[in-house]
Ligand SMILES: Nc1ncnc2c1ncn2[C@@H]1O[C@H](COP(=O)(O)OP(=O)(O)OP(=O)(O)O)[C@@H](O)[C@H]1O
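In the form predicted on its own, a lone chain appears below as C-alpha cells.
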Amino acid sequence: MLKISSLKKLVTDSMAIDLGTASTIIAVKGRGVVLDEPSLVAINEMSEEIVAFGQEAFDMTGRESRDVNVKAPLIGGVVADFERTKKMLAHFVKKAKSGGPNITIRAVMSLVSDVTHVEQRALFNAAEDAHIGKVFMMEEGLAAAFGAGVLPTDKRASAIVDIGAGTTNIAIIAKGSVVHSTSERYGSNAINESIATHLRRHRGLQVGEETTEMLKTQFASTFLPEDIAKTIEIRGRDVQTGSPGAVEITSGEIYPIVEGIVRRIALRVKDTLTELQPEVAADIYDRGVILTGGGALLEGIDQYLRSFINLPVSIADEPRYATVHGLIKMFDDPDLLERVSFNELSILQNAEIPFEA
C-alpha cells in the first residue's frame, strides 16, 4: 500500500505556465520544467481539425502535406486565435500531467505588461477550459525577475529585459513589485523575418522557418564578425525559376540585418531607463540590467547592450526558463502570490467587453 506522503507526490497541485509566442513552457512544483514545446498547431484545412500540437506540429513546418497548415495561435504574446489556443493549452496541460499526477488544483500564468483586459480574459478562459481549478496571472517581467534571482524582499531596484520571440518586456522591480514597465510586441522573431526578406529580395532565394532559425542561432552575431567573409550555403527555392536552389551568404551580409533589430530593442531599453525616478536610476546604475528570454541567447547581445547603454549587463541562468522558474516560486509564498497576481474575479470584473470566442 502507498503511504499518504507518496500519494501526495502523485497530485500535481501547482503548475506554472509560460505561454509564449514561440514556445510554451510548463513547470510543476516539485518536478521542475516538464514541458517545453513550440506554441504551434497543425490544422487540416479540409476538416478544420487540429492534427498535431507543439513539437510534432513544428516538425511538419515547411513540409506540410497538401491539406495541412501549421499555425501559431498566439501573436505578440497574446491570443490571436482563441479556440486553437484553448485546445493547444489543454493538450499541453494534459501532457504535463502525464507521468502520474492528474489533478491540477491551481496554476499561475504569465502576461505581457500591456495586455488588455479582454486579452487577459481570453487567456483566463483558455486556462479554465484546460481543467485547471484556480488560475492566477502575473506580469511576465516580475516572474522573469524572480526567476533570475531577484528577491521579493529586495527594496533596491532591478532592471529586467525579457526578450521573447514576439515581445520584449522591460520591467523595473523593487520590493517584489513592478515600479515601471514597458512592453513592445516585437522580439527575436523579427530577426528571422528580416533574414527571410533579405534572402528573397537580394539573393532570389525563398527559405523556411527552420533555415532562418538556424542562421539566427548558429551563424548570426550582434557584433561585427572577425571574419566577415565566413560563408555558409543556404538551400531553398529559387524565386525566379521556382526550382530548388542554393546560395552562399557571408557573416558580414547577415550582421547588419541582426544588428538593426537588436539596435531597436537596445533603443527601447535606453529610452525606458530615462523615465525612472532618481533613486531607482541610482540602483540600476549600480546593478545594471539582467537579460532573460530566448533572445538573451543571441550571440553577443549582452556585450552589444552593455556598450549601448553604458551599464553592466548580465544574462540570467537558463534565460528561457527565467519566467517559468519565477512563476513556480510563487507557490512557496502564498501571500506574495496573492499580492502580485491577478485572479479570476479581478479579470472578469475588468473585462467589460464580452469576449467573443
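One-based numbering along the sequence shown. Bear in mind the structure is a predicted one, so any value in this text is a computation, not a measurement.
Below, we turn to the form predicted together with the named molecule, even though it does not appear here.
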{"property": "Segment assignment from 266-274, 152-160, 185-193, 251-259: heavy atom within 4.5 Å of the named molecule in the predicted bound form", "result": "185-193"}
{"property": "Exercise: residue 295 in contact with the named molecule in the predicted bound form, heavy atom 4.5 Å", "result": "yes"}
{"property": "Residue 325 within 4.5 Å of the named molecule in the predicted bound form, heavy atoms", "result": "no"}
{"property": "4.5 Å heavy atom contact, residue 22 and the named molecule in the predicted bound form", "result": "yes"}
{"property": "Close approach of residue 121 to the named molecule in the predicted bound form, 4.5 Å, heavy atom", "result": "no"}
{"property": "Position in contact with the named molecule when the complex is considered in the predicted bound form, options 217, 206, 211, 231, heavy atoms within 4.5 Å", "result": "217"}
{"property": "Residue (of 280, 137, 199, 165) lying close to the named molecule in the predicted bound form, criterion heavy atoms within 4.5 Å", "result": "165"}
{"property": "Sequence-ordered list of residues in 302-337 near the named molecule in the predicted bound form, where near means a heavy atom within 4.5 Å", "result": "320"}
